[in-house]
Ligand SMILES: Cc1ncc(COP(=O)(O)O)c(C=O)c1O
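For reference, the chain that follows is the form predicted on its own, supplied as structure tokens.
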């Protein structure tokens, strides 16, 4: 059976070497072999996070880690489940808004600082929200908002959080491993990555780095989650173990995926992600399509997924474009929520190479040609090849 080419922002294609690692025989998760594997995973992830903070791996998706981050900090203080903890949630897409939903579920006093999806974050509005919010407080944000293809200003928001003595929780689920994400330099008290994104492995694991300031809040919180109790993870890691049974095949895969990253080198990996995303942007704009995000001086286009306006004005629908591409073996993502049918997204994360990018652009051109959006094929491929060869 021929595999479809997944060019979506997770799950990403998994190369054979990582798939084969998952086929290893099971081992006891309380033995020395697992402890060695887990210790090496954590040290490699710390290097990729660029952090000196504690770091742990959870058996769960990125959303599991998002909930763990918020749930371990938010302390319920009355019978109604409410808390005096204030949470400023910054969002310009689906995943920033997910933090709002999680914080509200845990009873936080939430101040949403939400922008139109795909529009840049305005730092002045964030500053005003922090100035008007009593302490103690938490600030949450998605660094790389894949729902709209925008890279948000983590360093600038981190400075504001620190100035107002707030804990900064940063979703780096789709940027760590594919872009330069120095979480300590960003001032992130908690930073999160997901396995099925830039790390290039299957879904099912997430990792968090946790600062001393964040630990102080967690350790005094009696209403921490049970399965996601990060204090329990900290205690178990003294033996290089997890508090509950880990997803062993996925740990094998993560260990191998991190070895592949070491072999490539993070500098080369970041350059590859940036080059491939730039080649997609060059290709689609040369074909007469327009990029979706609306940027200001502190935001940028995502280096792991490109969001493109659907050419609805030319009568081309989501079904015609994405459906047409899928019939030719290439899967790209559509818009989410209010953007459904209005945009499409091409990912460039994980162990993707120029071969997959060029195949995707070639198929996109074929579909645009069939729907009479362009008169001839080749311009997009030429633009993409120009970026790739120049790099």
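Residue numbers count along the first chain shown, from 1. All of these numbers come straight from a predicted model, not from anything done at the bench.
What comes next is about the form predicted together with this ligand, which is not displayed.
Please tell me which of 152, 146, 303, 89 lies within 4.5 Å of this ligand in the predicted bound form, judged by heavy atoms. Exactly one listed residue reaches within 4.5 Å, namely 146.
Would you mind picking the one in 117, 251, 168, 95 that has a heavy atom within 4.5 Å of this ligand in the predicted bound form? None of the others qualify; the residue that does is 95.
Although the partner isn't part of this model, could you tell me whether residue 66 comes within 4.5 Å of this ligand in the predicted bound form, counting any heavy atom of the residue? Although this ligand is absent here, residue 66 would touch it in the predicted bound form, with heavy atoms inside 4.5 Å.
Can you tell me if residue 174 lies within 4.5 angstroms of this ligand in the predicted bound form, counting non-hydrogen atoms only? Yes, residue 174 lies within 4.5 Å of this ligand in the predicted bound form.
Heavy atom of residue 350 within 4.5 Å of this ligand in the predicted bound form: Although this ligand is absent here, residue 350 would stay clear of it in the predicted bound form, with no heavy atoms inside 4.5 Å.
Taking any heavy atom pair closer than or equal to 4.5 Å as contact, tell me whether residue 196 reaches this ligand in the predicted bound form. Yes, contact at 4.5 Å.
One stretch from 324 to 332, 55 to 63, 33 to 41, 361 to 369 that, in the predicted bound form, holds residues within 4.5 Å of this ligand by heavy atom: One stretch meets the cut-off, namely 55 to 63.
Output the sequence-ordered list of residues from 3 to 23 with at least one heavy atom within 4.5 Å of this ligand in the predicted bound form. Going through 3 to 23 in order - heavy atoms within 4.5 Å of this ligand in the predicted bound form - there is one hit, 9.
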